[in-house]
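Only one chain is given next, in structure tokens, and it is the form predicted alone.
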């Protein structure tokens, strides 16, 4: 049996009270659904003196369309089950509903929150193990008790993988993240919230918490989809994940809104590579083509294969995972072309 370390728990009711509680005790950590932090505590990867529970902070819940800002506002405390079923999300951002519904199992989705999934800790086959196991490989690694990366032995940074299902999709949809801390509120593009350091992979400042995600409302027709590959669909983190979005030359809901409308922009974000997702570049060749054109699936899947090189930070051989990126990207585009 894996035992938890000792810690206190406080349960504030407002966002300012959460910020105050975080500031009172250095090393305090947030807990919402607990599906990420509790396993890490059981593996003694973290030993915070205090957990600040968000369970009673009602301001973090709910989904609201804000036409004045032109965004859909999703509270960080919305569970993944709620997100996957939310009518406005399913209508406006179907790839996000799809990714939220693809996380783990129904029990996990009923507990896990969007804010927790966005701030999901990075994972690696060498660190997400028991303390005894980590000690058997020579004193852990950069992310735990040691100073060596077993994935890139001569590397100076941790390359543990960002395995969130929802983050690549949110980045592909141009989401912004809202954080509140001792210095007040700030908003930044979610794509710039992450950086390539597995030990501190987000740009959240000490004492900050995520309060909501904001997604710009679509102004043109689009087709979007999330595809992932994992071994056990109801349990495992993704080993490959791809978020696809194609903007079309048509108004949403118009007669021209179909896969036969010309593509005006392509957005593809790949996850489970390193500590941050990768947004593909050089996709201009598909602009002007139709989704039903086989050249689109071929060009996008080849670009994903050329630009993405997985590391040996999660199970399965890296060359096979790289090939799976190409395969699942192509399948995702073909499904969109078929109207799925």
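As the structure is a prediction and not an experimental result, all values here were calculated from the model. Positions refer to the first chain, counted from 1.
Form predicted in complex with a small molecule: not shown, discussed below.
Point to revise | the small molecule contact in the model of the complex: residue 35, any heavy atom under 4.5 Å | key: Yes.
Practice item. Using a 4.5 Å heavy atom cut-off, state whether residue 224 contacts the small molecule in the model of the complex. Key: No.
Review point. Would residue 102 show up as a contact with the small molecule in the model of the complex if we use heavy atoms at 4.5 Å?
Key: Taking the distances in the model of the complex, the answer for residue 102 is yes, it comes within 4.5 Å of the small molecule.
Check your understanding: Any chance residue 231 has a heavy atom within 4.5 Å of the small molecule in the model of the complex?
Key -> Because no heavy atom of residue 231 falls inside 4.5 Å of the small molecule in the model of the complex, the answer is no.
Review point. Pick from 27 to 35, 299 to 307, 276 to 284, 63 to 71: which stretch has a heavy atom within 4.5 Å of the small molecule in the model of the complex?
Key: Of the options given, it is 27 to 35.
Point to revise | in the model of the complex, the residue from 257, 236, 131, 86 that sits within 4.5 Å of the small molecule by heavy atoms | key: None of the other options qualify; the answer is 236.
Review point. Of 265, 92, 111, 250, which one comes within 4.5 Å of the small molecule in the model of the complex, counting heavy atoms only?
Key: If I apply the 4.5 Å criterion carefully, the residue I get is 111.
Check your understanding: Non-hydrogen atoms within 4.5 angstroms of the small molecule in the model of the complex: do 241, 329 and 332 all have one?
Key -> Zero of three within 4.5 Å in the model of the complex.
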